[in-house]
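Encoded as structure tokens, the following chain is the form predicted on its own, with no partner shown.
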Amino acid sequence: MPAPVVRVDQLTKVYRTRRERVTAVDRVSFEVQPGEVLGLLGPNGAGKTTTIKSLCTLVRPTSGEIEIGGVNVRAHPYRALKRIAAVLEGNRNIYWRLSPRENMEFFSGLQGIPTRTVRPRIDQLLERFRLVDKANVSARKLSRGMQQKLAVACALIKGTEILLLDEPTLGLDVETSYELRGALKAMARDHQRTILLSTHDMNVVQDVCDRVIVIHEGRVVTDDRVTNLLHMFRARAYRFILEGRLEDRACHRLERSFEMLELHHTDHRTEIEVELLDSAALYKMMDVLRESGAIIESIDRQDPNLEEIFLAIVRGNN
């Protein structure tokens, strides 16, 4: 296996005020391999943005180590920063008076790339992000979604091997979010960049990422490939349809026996959605239903989405 391009070891960030001590990131460790797309998933306040800003040297960690391309970020910040480009807090890294083309020329110039050399790449990015018709329009006149796409394009034009994105689809409408996810997915498919993105948008992770790290209350609670998580929970999620209304005594017994269970009643049927960890739990479920005299109309395995998986993981770590 090649050496990781990003290595985070026991990263901790504590904010102190006169009245309190808040641990935003608590001993977070992970690695990112070349060409990998890694998602940091978690609710607001989980520590995702603090982690991203620590990688960019915008936040100084309380303890722990970060390496970018084998370079220690704390010891050699300028050398490390040459390897990364970032889009933080939406569309703030673009210049409002410049057009999309001028913005990309400016940011490529900061990297020492001649304008003549970078023009074909600018044309490619304008097309990929559907900004060709707005190439020479002032950025301040663009929609929020177009500004967000331009911000990502300006990060890409720098030609760095690592791209950091903090909530790239935050505040975007459905259509623009879909377009941006498509562009990121194309980059991931072509292995053009190593991408690390933070988000609480499940669709972004499920569409774009190879692997996901779930952060909750500053700690890593899960680190696995997206496909593995979907497969694992697909085998555990069941829906039972029963004829008639299940009696209260049986409902209470089910709720005591299975933590991840939801009951939905009508006068004519009962629907049960449940997470079962193994076959023994399935047999136990069947025994409870049989002893209550329930008549089962159907049993289906469910295909959970990443939001359901995230909630299950977080509940299991509370």
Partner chain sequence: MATLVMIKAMFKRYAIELRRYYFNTLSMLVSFYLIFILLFYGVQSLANGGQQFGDALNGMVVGFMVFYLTVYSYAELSWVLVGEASQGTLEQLSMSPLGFGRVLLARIFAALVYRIVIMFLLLLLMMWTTGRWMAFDLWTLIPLLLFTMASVQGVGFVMGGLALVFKQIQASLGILQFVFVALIAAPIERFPALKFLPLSWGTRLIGDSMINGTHIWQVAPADLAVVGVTGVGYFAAGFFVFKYFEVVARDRGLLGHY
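Residue numbers count along the first chain shown, from 1. What you see is a predicted model, and the numbers here were worked out from it, not measured in a lab.
Another form, the form predicted together with the partner chain, is not on view; read the next lines as being about it.
Shown here without its partner, the chain carries Phe129, Arg181 and Ile195, none of which come within 4.5 Å of the partner chain in the predicted bound form through any heavy atom.
In the predicted bound form, the partner chain sits within 4.5 Å of a heavy atom belonging to Ser99. Within this chain, Lys82 lines the site of the partner chain in the predicted bound form, having a heavy atom no more than 4.5 Å away.
The partner chain is not drawn, but in the predicted bound form it has a heavy atom within 4.5 Å of Leu110. Looking at Asp201, you'd find every heavy atom of it more than 4.5 angstroms from the partner chain in the predicted bound form. In terms of contact with the partner chain in the predicted bound form, the residue from Cys209, Ile157, Val214, Ile94 that brings a heavy atom within 4.5 Å is Ile94. Of the residues Ala281, Met260, Leu58, Leu263, just one reaches the partner chain in the predicted bound form with a heavy atom at 4.5 Å or closer; this is Leu58. Only one of 170 to 178, 217 to 225, 241 to 249, 101 to 109 places residue heavy atoms within 4.5 angstroms of the partner chain in the predicted bound form, namely 101 to 109. Applying a 4.5 Å heavy atom cutoff to the partner chain in the predicted bound form picks out Lys53 as the lone residue from 22 to 53.
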